[in-house]
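What follows is a single chain, given as C-alpha cells, in the form predicted on its own.
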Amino acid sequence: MKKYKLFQLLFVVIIGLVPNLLMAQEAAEKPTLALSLKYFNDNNKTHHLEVQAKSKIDGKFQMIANVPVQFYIGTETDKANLIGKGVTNPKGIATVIIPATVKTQWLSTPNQTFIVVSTPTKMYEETKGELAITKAKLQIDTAEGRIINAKLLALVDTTWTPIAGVDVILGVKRLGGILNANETPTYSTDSSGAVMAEFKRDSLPGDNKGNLILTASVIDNDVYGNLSVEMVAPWGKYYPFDSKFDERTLFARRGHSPLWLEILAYAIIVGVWAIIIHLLLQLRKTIKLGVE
C-alpha cells in the first residue's frame, strides 16, 4: 500500500513538472530579436528614423516582418517623448518621421538619443534598440569650372562647428540612386569641414531645361548618422523625346510592325494552310478511289 501511494505521489509530481519543463524549453528556444536603428537628415528640412528587425534563424540572420515598434526621443519612460509607431514591412523595416511635437526635446541639447522598443509577440520578447547622434548638417554649393563644394557642420554646445575627417559622397541624383561626380567615390572633409569635387559627367541627360540635381551625403556615420543635401545645377543636356508611336518599327504597337515582317508572317501562314488544304484534297481523292 505504501509503495502504491509513493508511486501515486511520484506520478503527480511528474505530471506537475511536465508543463513547466515544456514552457521553460519553449522560452529557451525563442529566437532573439535585434533592432538596428538609423537616423536620417534629409536636405536639412526633414528628419526620420528607420529601424530594421532581424533574428538569427537556422544560423542565418533573417529580416523579421510584422513587428510592432515604438520610437522615442531621450527616454522611453516618458510618453511625451513618443515620436511615433510602426510595423516592420517584409524587409523588416519600419520608418517614422520626427514630428514637430517633439521640437522642445529636439532643441534642448546638441546630442540626442533615440530609442526603439518592440512590442512582445508570440515569437519574440520585448526588445530595445538605441542610437546616439550629434546634430549635424551639410551645405552644398557650386563654383566656376563645374566644381561641387560641400561643407559639414556639427552643433558643438550652441555653435555650428566645421568637422574634419568625415567621408562625404558628392554626385548627381539618378533614377537608380546616386552617380558619383567623377572617378573618386568619397572625399574626406578638411579642417574647415569642406570637400570639393570636379563634375566630370559630360552630356548627362537632365530635365527639359538641362538641369541636374547635385547631392552631397554622409552615409551611416557613427556620430552623425545619415545626412544628405541637394541643389539644382544646369550641367545636364536636354534630349528632346523622339516618339516612334505612329511609325513602323520592330517594337511598335499592334498594326505598326515593319512591312517585311508582316509579309513574311502572312506568307508563312498562307503556305502552311495551303499544304494542309492540299493534303485534305489528296485524302479526299484517296477515299473516293477506295470506294470505287
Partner chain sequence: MEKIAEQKIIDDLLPQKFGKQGVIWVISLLAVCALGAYAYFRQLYYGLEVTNLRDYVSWGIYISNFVFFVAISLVGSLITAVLRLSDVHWSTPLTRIAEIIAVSAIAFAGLIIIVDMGRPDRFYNLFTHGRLQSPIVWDVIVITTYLLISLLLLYFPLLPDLKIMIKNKERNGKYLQKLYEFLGSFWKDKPEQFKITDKAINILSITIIPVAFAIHTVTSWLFATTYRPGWDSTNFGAYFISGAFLVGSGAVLIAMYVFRTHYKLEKYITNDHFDKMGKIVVLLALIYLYFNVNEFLVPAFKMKKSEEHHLMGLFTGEFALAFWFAISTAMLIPILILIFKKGRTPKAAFVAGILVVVGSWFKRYLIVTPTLLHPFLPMSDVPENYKHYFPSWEEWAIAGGSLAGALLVVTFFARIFPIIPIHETITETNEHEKV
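Residue numbers count along the first chain shown, from 1. In this text, the rigid core denotes the largest set of C-alpha atoms whose superposition between the two forms falls within 1.5 Å. From a predicted model like this one, the values you see are computed outputs, not experimental measurements.
Below, we refer to the form predicted in complex with its partner chain, which is not included among the displayed structures.
Enquirer: Would you kindly say which of 44, 66, 62, 249 lies with a heavy atom within 4.5 Å of its partner chain in the model of the complex?
Expert: Partner contact (heavy atom, 4.5 Å) among the options: 249.
Enquirer: Of the options 232, 34, 223, 265, which one has a non-hydrogen atom that comes within 4.5 Å of its partner chain in the model of the complex?
Expert: Answer to the contact question: 265.
Enquirer: Looking in the model of the complex, any heavy atom of residue 256 within 4.5 Å of its partner chain?
Expert: Answer yes; at least one heavy atom of residue 256 falls within 4.5 Å of its partner chain in the model of the complex.
Enquirer: Choose one stretch from 257 to 265, 224 to 232, 238 to 246, 35 to 43: the one whose residues place a heavy atom within 4.5 angstroms of its partner chain in the model of the complex.
Expert: Comparing against its partner chain in the model of the complex, the contact stretch is 257 to 265.
Enquirer: Contact check in the model of the complex: 87, 89 and 91 versus its partner chain, with a cutoff of 4.5 Å between any heavy atoms. Do all three pass?
Expert: No, none of 87, 89 and 91 comes within 4.5 Å of its partner chain in the model of the complex.
Enquirer: Can you list, in sequence order, the residues from 266 to 282 that come within 4.5 Å of its partner chain in the model of the complex, counting heavy atoms only?
Expert: Stretch hits, in order: 266, 269, 272, 273, 275, 276, 278, 279, 280, 282.
Enquirer: Spell out whether the Cα of residue 56 moves at least 2 Å between the shown form and the other one when the two forms are superposed on their rigid core.
Expert: The answer is no; the displacement is under 2 Å.
Enquirer: Core superposed first: is there a CA shift of 2 Å or greater at residue 36 between the shown form and the other one?
Expert: Result for residue 36: no, shift under 2 Å.
Enquirer: Rigid core superposed, CA of residue 244 - does it shift 2 Å or more between the shown form and the other one?
Expert: No.
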